[in-house]
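Only one chain is shown below, in structure tokens, and it's the form predicted alone.
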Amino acid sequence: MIPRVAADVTRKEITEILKALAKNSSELISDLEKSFRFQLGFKKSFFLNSGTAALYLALKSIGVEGREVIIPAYTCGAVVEAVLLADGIPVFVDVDASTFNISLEDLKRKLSDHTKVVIAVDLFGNPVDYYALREILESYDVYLIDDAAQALGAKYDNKYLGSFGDFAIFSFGLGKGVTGGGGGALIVNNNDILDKVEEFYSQLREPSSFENVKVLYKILSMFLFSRKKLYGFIRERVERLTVHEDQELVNRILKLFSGDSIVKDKRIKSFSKISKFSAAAVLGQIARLDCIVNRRRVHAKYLLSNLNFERIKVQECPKLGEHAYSRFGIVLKCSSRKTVRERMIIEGIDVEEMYSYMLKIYEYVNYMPPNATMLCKNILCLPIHGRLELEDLDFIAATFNRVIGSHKS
């Protein structure tokens, strides 16, 4: 079965990850900082155990207590969680139906003197139109955070994403362009807040031995089960785990909205510096980042040339943007997403819904953004990862066209 996502880690990199057993974390993190500086151009980077932790650190350093933080309505729920953990007030802005990123028109309506931060999410690796966004924000005294969790290697106007906000964050979880079995990075571009970031970062704990071993196990499992011959044995487990994690995330968000301090404290205490095994895994992939991203772009180009567009809509990239394609999201114009997904899985292709659970959050805050709601109900993501071969792409496109073509509108 073709996996929905896969770890793009080589055997040589697995060897280097295992060598991390004999290395200390500070050495690996220092090497990772240098890699981000010299290969990507990010002068100051901090590495944590998740993208959520990185975003929380940015918000905490800014100081958003009791202030409005604007976020796109269609995004990973972890963005909402991080805002609530930092005692900010999430303000949802609808997304653009074409790019799936934050709607600049709705943003204009939601910005106010109470706004402290705008979080721009480069969804699925698709860059936000940063020049247009900056033009809007010029009239407001707000911070801009580039949530490039899914967009490491993507570019806007020939610059890597991560360069366009006061802060930027990346995630190294499974399904991201670069995976470390977990982990995240915070990029600081605003030197006025650097001291505050360093202060909070210095207070973070080191991961425990158990947490390190857990990360190593996750990396090795991802490497092994990203193969088509083995993935079928764990697909149902992956599905159950994904559903469970999504439910847990929604439950935490709803409790945080209601002011549950126990949930808040427990979650914040789970944040730490990055595992040395995650650092080793990311370090190897950063060295060949352009190769990883370009392979995904080739795959996307092939699918775009071979899919039947009569019944689907694909994500549009802004004029100056270069998509990283951590996900290949399509909107079904017809048919039941559930039925299409079930048919694809039966055929041997694991496809996934994304962020459907956000509907529960919209209901809780009594706001149903039309475009975000549409995406929650109709988006399906086809495999796009680096483990795919030409025959896999042929099979994905042909199977999807056949399934969609046989389904009544």
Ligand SMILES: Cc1ncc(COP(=O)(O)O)c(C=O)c1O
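Numbers follow the displayed sequence, beginning with 1. Here the structure is a predicted model, which means the values were calculated and not measured.
The next section is about a form of this same protein that is not shown, the form predicted in complex with this ligand.
Engineer: Tell me which of 175-183, 203-211, 218-226, 253-261 has residues with heavy atoms within 4.5 angstroms of this ligand in the predicted bound form?
Structural biologist: Of the stretches listed, the one contacting the partner is 175-183.
Engineer: Find out whether any non-hydrogen atom of T52 is located within 4.5 angstroms of this ligand in the predicted bound form, and reply yes or no.
Structural biologist: T52: contacts this ligand in the predicted bound form.
Engineer: Although this ligand is absent from this view, report whether A78 comes within 4.5 Å of it in the predicted bound form, heavy atoms only.
Structural biologist: Yes, A78 sits close enough to this ligand in the predicted bound form that at least one of its heavy atoms falls within 4.5 Å.
Engineer: Does N126 reach this ligand in the predicted bound form, with heavy atoms at most 4.5 Å apart?
Structural biologist: No.
Engineer: Closest heavy atom of Q285 to this ligand in the predicted bound form, within 4.5 Å or not?
Structural biologist: Contact with this ligand, no.
Engineer: Which one of A281, L161, A149, A324 is close to this ligand in the predicted bound form, taking close to mean a heavy atom within 4.5 Å?
Structural biologist: Partner contact (heavy atom, 4.5 Å) among the options: A149.
Engineer: Considering non-hydrogen atoms and a 4.5 Å limit, which listed residue (L84, V188, V121, V293) is close to this ligand in the predicted bound form?
Structural biologist: None of the other options qualify; the answer is V121.
Engineer: What are the residues of 269-286, in order along the chain, with a heavy atom within 4.5 Å of this ligand in the predicted bound form?
Structural biologist: None of them.
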